[in-house]
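Just one chain is shown here, as structure tokens, and it is the form predicted alone.
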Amino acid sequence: MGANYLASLSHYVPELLACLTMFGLILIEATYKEEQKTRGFFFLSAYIGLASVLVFSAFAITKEPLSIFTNSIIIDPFSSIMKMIMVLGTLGAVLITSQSKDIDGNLKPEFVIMATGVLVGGMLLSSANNMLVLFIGIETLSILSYVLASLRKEDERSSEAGLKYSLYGGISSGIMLFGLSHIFGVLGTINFTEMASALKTIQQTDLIVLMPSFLLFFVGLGYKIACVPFHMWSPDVYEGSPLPVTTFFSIVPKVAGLAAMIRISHTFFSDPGALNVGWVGVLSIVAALTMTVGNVSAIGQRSVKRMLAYSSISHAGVMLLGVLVINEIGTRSVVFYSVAYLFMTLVAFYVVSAVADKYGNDHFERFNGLMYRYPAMAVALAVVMFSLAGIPPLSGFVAKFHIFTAVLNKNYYVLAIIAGLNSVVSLYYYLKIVRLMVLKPAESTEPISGFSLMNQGAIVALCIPVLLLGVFWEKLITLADGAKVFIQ
């Protein structure tokens, strides 16, 4: 048994490196005095550690899929690609943190350390092949997130965000555990593979217990991706949290939850039957409501950060469409969408962070006349807004096109129409900020320190994939095609 676990550890290098990075950062932070604000070596170590996790995750894509730790964890191309997206999201959030004034200098290392811990939970979640491992991944991801939301201790809104996040998270975890206990009671196992085999021989009377139990189980995952009706925490938590934390929440927990949902859908609900019909039906309703509620709620927002929070809810609904088709086309579409969404989100929040640091808030009016003061930043933000709305030939359009293709191939025409109408609605609030940047005079001519030459270069570099993936998308789609969900 010991030899088997040692062999499993040799295939678990990215997660081990992430843990080592987190512990190493704790030791490095302990060497700094409180008055030392910059902590250059600390951030350099964080970049190197996370970059090494990214590289070893990339190596795992080319390897044969396998199960480790007595079949409780799956290492396959799908999980490896989703881990890479989460690592890139964490790197982007750390980069924004190093430049942001929204987090005090003494608290920035705490953010980086806890964000790395959340990343470990997300990586665990994407590879889980066992109900216990999945729950551990969710809780590892969640508990540290509660602290991140309330990181700005002197701000009442941040404390409120942390409290709301923890209350909603605790309730959703309890509901999920209640569902899991019933599933275990009926099937007698917590291993995904054994559960899937047991489902094929299940009695019809047991379905009466299993179907609502899976719905209760869905609550925990639905909460992490902020889909309706489990989205209530998202706008308040996103608005109250520091901007780098909001950026991080928009990417890593969402991608981790979607990865777990895709694996569960392929494992349990790919075969035709009552469970498949029920699961697809629930996801269809949730996806339609999530897209609609997110877009409609975003229209009346005054804060750009809060608008982006509702926008992230609507994008979760679009990605759920790729989950509910339960086939390789849907999985490929979600992977591509996640990559496109990663870069769009990082650019949007990077620009918003610089503006909010200057003026103390991120209201739409603060972006008036930005085109005439910082044209490169205004163009980058405009490109991202057009891409989020799905305007060709940007990556957001290609991502939505592949989602629509997956849905239409399954003849879910109503869902495709709802998604199309929601894309039209989203144009209103995305183009609002573009209109203010171009057509309104600037409120102030004072320079924005966050738009230093180095930061502008970083924002432009992050914007380039948004443009390139809209034109040269074939290679990423080919890579996403190889992201097969391995069921062992």
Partner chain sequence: MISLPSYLFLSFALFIAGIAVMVARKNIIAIMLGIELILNSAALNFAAYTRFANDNIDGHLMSLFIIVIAAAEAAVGLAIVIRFFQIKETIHIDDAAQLQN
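Owing to the predicted nature of the structure, the values given are computational and were not obtained by experimental measurement. Positions refer to the first chain, counted from 1.
The same protein also has a form predicted together with its partner chain, omitted here; what follows describes it.
With the partner omitted here, the stretch from 246-254, 274-282, 128-136, 372-380 that lies within 4.5 Å of its partner chain by heavy atoms in the model of the complex is 128-136. Its partner chain is not shown here, and in the model of the complex it never comes within 4.5 Å of any heavy atom of E110.
Contact check for L215: every heavy atom lies farther than 4.5 Å from its partner chain in the model of the complex. Although the partner is absent from this view, A316 stays clear of its partner chain in the model of the complex, with no non-hydrogen atom inside 4.5 angstroms.
The closest heavy atom approach of K153 to its partner chain in the model of the complex falls within 4.5 Å. The contact with its partner chain in the model of the complex, taken as any heavy atom within 4.5 Å, belongs to I143 out of I417, I143, V296, A198. Here is the short version: of I74, M82, A406, A161, the single residue with a heavy atom within 4.5 Å of its partner chain in the model of the complex is A161. Residues of 251-266 are not found to place any heavy atom within 4.5 Å of its partner chain in the model of the complex.
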